[in-house]
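This document starts with one chain, in the form predicted alone, laid out as structure tokens.
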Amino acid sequence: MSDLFIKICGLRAARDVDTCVEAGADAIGFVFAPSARTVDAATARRLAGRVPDHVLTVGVFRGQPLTEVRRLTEECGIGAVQLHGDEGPEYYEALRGPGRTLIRATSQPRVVPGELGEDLLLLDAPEPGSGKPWNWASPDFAAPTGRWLLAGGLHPGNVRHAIETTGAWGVDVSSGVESERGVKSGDLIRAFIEAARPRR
């Protein structure tokens, strides 16, 4: 893995999963929360089966019952759980398992990574899903410390600037690599990864 962690989220098609792997993504996200990008368990399991071991598969949940999150995680064989709602520490404690990565997504910049029991913190836009990023140079934006992912409003044209401005350990993109809502573009996926991680 390179020194920058790249996650492509909201995958629904085999060709897009293959493109992410070939282009060098470190993680691939499958959305189980209600969204234009939602997949069912059978689709997620089939797509996750295409992903080599060195690429992390992530299930994305928002405000869903713990029993549902646990069932889908185990049923699909995914390697990480991303919680995107108001889930408390009891979720992280219950979902922890051998080799499983727990990701906490939040829109609050002044939080402490790991305080709820998560392994990774994902800092989303002030209005998640809006496609509008933070003003990373604003006093209102405070980059977390340690290992954290920046998300929200990223695309091939701004991701390098975002990384250089915030010092993010990794980045996460979904709508910024789509040709239309919920439809990924192979060209944009490749362009995003190339822009985020320029060849030396």
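Everything numeric in this text was worked out from a predicted model, so none of it was measured. Residues carry their position along the shown sequence, with the first being 1. We call the rigid core the largest set of C-alpha positions that still match within 1.5 Å between the two forms.
We do not show the form predicted together with a small molecule, though everything after this point is about it.
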Any chance 56, 170 and 190 all have a heavy atom within 4.5 Å of the small molecule in the predicted bound form?
no
Contact segment among 66 to 74, 150 to 158, 137 to 145, 47 to 55, judged by heavy atoms lying within 4.5 Å of the small molecule in the predicted bound form:
150 to 158
Is residue 128 one of the residues lying within 4.5 Å of the small molecule in the predicted bound form, judged by heavy atom distances?
yes
In the predicted bound form, residue 80 touching the small molecule (heavy atom, 4.5 Å)
no
Residue 27: heavy atom within 4.5 Å of the small molecule in the predicted bound form?
no
Although the partner isn't part of this model, could you tell me whether residue 124 comes within 4.5 Å of the small molecule in the predicted bound form, counting any heavy atom of the residue?
yes
Aligned on the rigid core, do the two forms place the Cα of residue 169 2 Å or more apart, comparing between this form and the one not shown?
no
